[in-house]
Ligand code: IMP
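Here's a solo chain for you in structure tokens, the form predicted on its own.
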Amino acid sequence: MKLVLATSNKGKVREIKELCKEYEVISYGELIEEFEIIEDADSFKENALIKARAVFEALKDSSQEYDKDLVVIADDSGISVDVLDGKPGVYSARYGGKNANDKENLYKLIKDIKAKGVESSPAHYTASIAIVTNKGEYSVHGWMYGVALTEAIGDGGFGYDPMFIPLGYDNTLGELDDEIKKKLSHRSKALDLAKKIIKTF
């Protein structure tokens, strides 16, 4: 079975491919021209569904790429920091501004936590995965809890990984081994649930 990812984020594509080795996983940009998808919902679940629906419909309209057994999955994820009242949350990917890159988002978050006069704060990651097929729409969630720091340590992973220490660990996601991260990851927890649904198709 082929899973089409409704993302052009190379970090996400790489991670999901690694976590779904039993399937052929491709980015939708390998099938049709990439297009802008406006994510304007106020929850991870709704934003993930917006992306998956948009790509599913675009592939359906592109007859040469349409397959009745098409499975489109989309992920919407982010970090919520307690001392910032849950920010950046659904705005994690554009926290540093509309066209901000990972580094700009990371350092904006570090700066905002520092501005609260603390060196760290409890925080958690949320991942919502939406699945859209001819058989219906589904969504699942995964979470990872820990602490957000006011410094970036380690150069592994992507996004906010270098400033986040998972519960029970002393190192950031930017330092931890990929195998450990796979077990802890909010995305891997959500994908485990998503795969249970996909297996029923």
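This one's a predicted model, so the numbers in the text were calculated from it and none came from an experiment. Sequential numbering from 1, following the sequence displayed.
We do not show the form predicted in complex with the ligand, though everything after this point is about it.
Annotated contacts: E39, S92 and R187 all touch the ligand in the predicted bound form [non-hydrogen atom within 4.5 angstroms]. Stretch 160-168 is the contacting one of 22-30, 160-168, 146-154, 129-137, since its residues have non-hydrogen atoms within 4.5 Å of the ligand in the predicted bound form.
Mapping the unseen interface onto this chain, D102 counts among the residues with a heavy atom inside 4.5 Å of the ligand in the predicted bound form.
Residues of 73-93 lying near the ligand in the predicted bound form, listed in sequence order, are D75, D76, S77, G78, S92, A93, the criterion being any heavy atom within 4.5 Å.
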